[in-house]
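In the form predicted on its own, a lone chain appears below as structure tokens.
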């Protein structure tokens, strides 16, 4: 299925947001997620299905100083 992840086209094989995070190597990383502009809390990622053409945003905290 083709989707956009952080504005980059991706071809994925999973159907859930949790599966996508695993597929992209995020695993159990603490990130914020949104699908088509709607925030998706971590507690709902396993049941949140991804549709063809979805726009996914994944934000990870950055350290710096």
Partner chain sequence: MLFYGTELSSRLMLGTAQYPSPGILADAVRAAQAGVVTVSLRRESVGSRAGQAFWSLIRDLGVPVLPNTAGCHTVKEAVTTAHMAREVFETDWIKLEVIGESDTLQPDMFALVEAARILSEDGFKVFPYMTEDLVGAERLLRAGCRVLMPWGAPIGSGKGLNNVFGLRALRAHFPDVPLVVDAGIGLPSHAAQAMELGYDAVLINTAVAQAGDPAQMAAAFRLAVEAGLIARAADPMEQRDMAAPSTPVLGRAVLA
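Numbering follows the first chain given and starts at 1. Remember, predicted model here, so these are calculated numbers, not experimental data.
Note that the form predicted in complex with the partner chain isn't included here; everything after this is about it.
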According to a 4.5 angstroms non-hydrogen atom cut-off, is residue 24 in contact with the partner chain in the predicted bound form? yes
With the partner left out here, check for me: in the predicted bound form, does some heavy atom of residue 58 sit within 4.5 Å of the partner chain? yes
Residue 41: heavy atom within 4.5 Å of the partner chain in the predicted bound form? yes
Going by heavy atoms, what in 8-34 lies within 4.5 angstroms of the partner chain in the predicted bound form? 10, 24, 25, 26, 28, 29, 30, 31, 32, 33, 34
